[in-house]
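Presented as structure tokens, the chain that follows is alone, the form predicted on its own.
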Amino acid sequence: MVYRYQDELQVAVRAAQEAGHLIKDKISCHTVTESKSCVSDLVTEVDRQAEEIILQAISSHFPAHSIVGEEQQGDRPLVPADILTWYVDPLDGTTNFVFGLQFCCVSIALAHQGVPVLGVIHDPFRQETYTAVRGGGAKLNGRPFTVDKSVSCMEHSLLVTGYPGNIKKRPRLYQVNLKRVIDSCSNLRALGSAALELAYVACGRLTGFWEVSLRPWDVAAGMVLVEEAGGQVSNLAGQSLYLDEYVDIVASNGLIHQEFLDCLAWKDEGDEG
């Protein structure tokens, strides 16, 4: 069977791996660290250099496509139009990168009308490239993989979450019943790269993930990976998830999904501040 988006997939993989080489080379010798929305929302010159590598590769091969990159300057629409739209996170896990923690990645996705149809996540430190095309399954370095179907309840689940970089979004953390989640699962992690955490759910290293107030480039590629690996993705209310300016997400192996949602007990009270 021949799947769609194979040309796009090849370009995305090459671009992600080239950007990954830069990230790996620069983790101990980057020179500029700045803040964006707040002091904990970091960006380096490597974020911008890696994004330029990816944007040039995509725009040269697919000039008619729209591109939304994390480090792009100026106002760009985040709600997808009818044309194909790329979502690029050139360095997901910048804070880890700045502190020398080798848990960060490149994330590239292609979406149609708000639904990701292609995802590539590249971990340059472990030389792992996760790929998925809608309807074609998920692969790690070219080999198919699935979520972990051996865990069917929260009690045996290893979960992961994260914290909004934008301080104004952090009150949304408390709209989840965190105590109930911690008491219900085997253990909970916070690893610092939403894209790579989603890839780990997809390949069975983690059972479930949730986070609030992420940006679309954080989750677009990981959404495809999890679903194509046989898992489940939704918003925190259990509804279908679409890319928007901000995204609240739950991803799991599918078997624990409803129990996971019940433990989260999400009540959307809006943002404070």
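Throughout, we count residues from 1 along the sequence that is shown. These figures come from a predicted structure and were not determined experimentally.
Just so it is clear, the following notes concern the form predicted in complex with a small molecule, a form of the same protein that is not shown.
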Honest question, do Val201, Gly230 and Gly254 all end up within 4.5 Å of the small molecule in the predicted complex by heavy atom distance?
-> no
Among Ala111, Leu159, Ala194, Ile121, which has any heavy atom within 4.5 Å of the small molecule in the predicted complex?
-> Ala194
Among the candidate residues Leu241, Leu214, Leu55, Ile27, which is the single one with a non-hydrogen atom no more than 4.5 Å from the small molecule in the predicted complex?
-> Leu214
Have a look at 178-186, 148-156, 127-135, 161-169 and name the one stretch with heavy atoms inside 4.5 Å of the small molecule in the predicted complex.
-> 161-169
Contact test in the predicted complex: Asp248 vs the small molecule, heavy atoms, 4.5 Å = no
Does Gly93 reach the small molecule in the predicted complex if we count a contact as any heavy atom within 4.5 Å?
-> yes
Contact test in the predicted complex: Glu70 vs the small molecule, heavy atoms, 4.5 Å | yes
